[in-house]
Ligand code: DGL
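A single chain, nothing else alongside it, follows as structure tokens in the form predicted on its own.
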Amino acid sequence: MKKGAIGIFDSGIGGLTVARSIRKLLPKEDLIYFGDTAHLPYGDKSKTAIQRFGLRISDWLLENDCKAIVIACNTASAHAYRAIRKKLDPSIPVINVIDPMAEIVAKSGLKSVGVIGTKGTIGSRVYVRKIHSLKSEIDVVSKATPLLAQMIEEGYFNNQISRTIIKSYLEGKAMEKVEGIVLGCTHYPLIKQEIQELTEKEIKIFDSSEVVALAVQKALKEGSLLNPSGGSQKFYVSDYTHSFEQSAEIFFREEIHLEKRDIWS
């Protein structure tokens, strides 16, 4: 099992920010990434469909000798995590992007946090519920920021356009009073520095990619599953276009090759 890969999946390629953080923290681990680009975005799919996608992808990752599953997607974490955890053997770690973040926020000592994410994630109020289940007195302000993911995928960050859009989302009394901001979308680590610079006070940024990487490290240690030697990485998508590969390199921050795998036949 130690030699097995860490299986990571997302509805698309945004989860590559999580894969990159895992690679940085655990360089000896083999990684297999699957982006379900044939079905993106998950945000407009039913809970039943998302569970079906997540279960099939998890099965495929296990068929490819993965020792742990990382759900690098907020929507799939909200709707498919329980179904996947219930189906898989208890010895196989399953890590989602929401629970580790809620735990970190609850332990932060902050009195108020803002959560930014897609309309689907914010509308589900999953972060509010999870954080309050651990520490009810934290004031959680949620704000949908639907333009950010599309902006990042088109390569608009670290420029005047991105700064204007980000600043407009950070304005308003509710967001101005928060002591920390939760990046509730796996795209957002790419604009973490811009968000930090555009806040007019010292503020804690909770980076989902870093938080999940630490959760993966903890789970592997507890299960005695850390790989003493390895480091390979493979990237698959359920539908391929050249633009996916170009965007993938933006998220992983190095040249990579995507392979198409039709796991639905």
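These figures come from a predicted structure and were not determined experimentally. In this text, residue numbers run from 1 along the sequence as written.
Another form exists, predicted together with this ligand; not displayed. Remarks below refer to it.
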Counting only non-hydrogen atoms, the one stretch of 103-111, 181-189, 168-176, 85-93 within 4.5 angstroms of this ligand in the predicted complex is 181-189
Phe34, heavy atom within 4.5 angstroms of this ligand in the predicted complex:
no
Margin query: Taking this ligand as it sits in the predicted complex, is Val237 in contact with it (heavy atom to heavy atom, 4.5 Å or less)?
Written below: no
- prompt: Taking 4.5 angstroms as the cut-off for heavy atoms, does Ile195 touch this ligand in the predicted complex?
  reply: no
Does at least one non-hydrogen atom of Gly43 fall within 4.5 angstroms of this ligand in the predicted complex?
-> yes
Applying a 4.5 angstroms cut-off on non-hydrogen atoms, the residues of 62-95 near this ligand in the predicted complex are Cys73, Asn74, Thr75
